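Encoded as structure tokens, the following chain is the form predicted on its own, with no partner shown.
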Amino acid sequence: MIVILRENPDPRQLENLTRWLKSMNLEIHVSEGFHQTVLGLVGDTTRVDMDLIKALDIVEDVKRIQDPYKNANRKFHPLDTVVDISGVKIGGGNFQLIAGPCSVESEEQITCIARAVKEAGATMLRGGSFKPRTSPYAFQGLRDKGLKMLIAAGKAVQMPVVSEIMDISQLDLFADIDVIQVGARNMQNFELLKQLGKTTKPVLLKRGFASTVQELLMSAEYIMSGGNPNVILCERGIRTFETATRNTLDLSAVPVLRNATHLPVIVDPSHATGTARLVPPMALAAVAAGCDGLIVEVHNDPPHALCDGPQSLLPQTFAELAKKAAKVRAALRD
């Protein structure tokens, strides 16, 4: 349920209203817009008398919300959320490019790529150290050593770093990681999401490859209900009957999510397509669809990459993509 207040509500009446609502064991989330303030009521609202609240002088309207997600719902929070990542802002008109290798392979490799993507226009550095692989015999990542290399490379080029966590037990290792990524396979690892909700560190939450948009939002709700509002949603393709691409990039999810939630929405065209030549056109389509950023895999030697080489762009290709993305965004503003 949401309570929409009139402009400039009387402070004493507002205090009495909130005290009464809290007495019914309801959580109140306040969202202040330019002209209106919205109270989002979370909990069992069946006992709330809507007509009684509507009769108050400070109340404009009262509405029940059927959506099961409350914290992530745009109806509760009309203005876009802006997530601040060590000074790099995403959401609310702030567009960011996240780039780097699928996995950190060596200090020389991650440092070289970090410099290249920074020069090309990236604003955040990605790199996996704990790798969820389909085969137990595939490269599993350098683990804590890889994280240290990623952090050092980020500091060297002055970019925040993004890396994927696999398990709650790894949380302490991510203390110096700027954005914790939750991969598609862990989107519904609810115990992990609950623990991430107890932190204030930004979380990049990827959509599961067989998950609906509402399920993605409910996973975000797990994090936010724990007290962490810094969630970034990522569309990375879903599994369909089509085999021409690794996954099917659901670009319709971008405007759907933008309408349903106030959280930033980014797109991963690398995992969606699985083929480097398809990444630039789908990335540009994602920008045109209105996403808040892209996360792209970039490698200085894709044929010899230890993980996902076929979908990784060369640094020069990424630089060209960054320029074209800027042009698409400029066209949208016009």
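Note that the structure is a prediction, hence the values are computed from the model and not measured. The first residue of the shown sequence is 1; numbering continues from there.
From this point on, the text means the form predicted in complex with another copy of the chain, which you will not see here.
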Original post:
Is there a heavy atom of A116 no more than 4.5 Å from a heavy atom of another copy of the chain in the predicted bound form?
Top reply: no
**OP:** Would you please decide whether K70 lies within 4.5 angstroms of another copy of the chain in the predicted bound form, comparing each non-hydrogen atom pair?
**Re:** yes
**OP:** Decide whether G87 counts as a contact residue for another copy of the chain in the predicted bound form under a heavy atom distance cut-off of 4.5 Å.
**Re:** no
Original post:
Are any of the heavy atoms in D250 no more than 4.5 Å from a heavy atom of another copy of the chain in the predicted bound form?
Top reply: yes
Original post:
Tell me, which of L173, V157, V256, C112 has a heavy atom within 4.5 angstroms of another copy of the chain in the predicted bound form?
Top reply: V256
Original post:
Can you pick the one in L26, C307, A288, V62 that has a heavy atom within 4.5 Å of another copy of the chain in the predicted bound form?
Top reply: A288
Subject >> Candidate stretches 94 to 102, 144 to 152, 174 to 182, 240 to 248 - the one whose heavy atoms come within 4.5 Å of another copy of the chain in the predicted bound form >> reply: 240 to 248
Original post:
in the predicted bound form, which residues of 217 to 234 put a heavy atom within 4.5 Å of another copy of the chain?
Top reply: M218, E221, Y222, S225
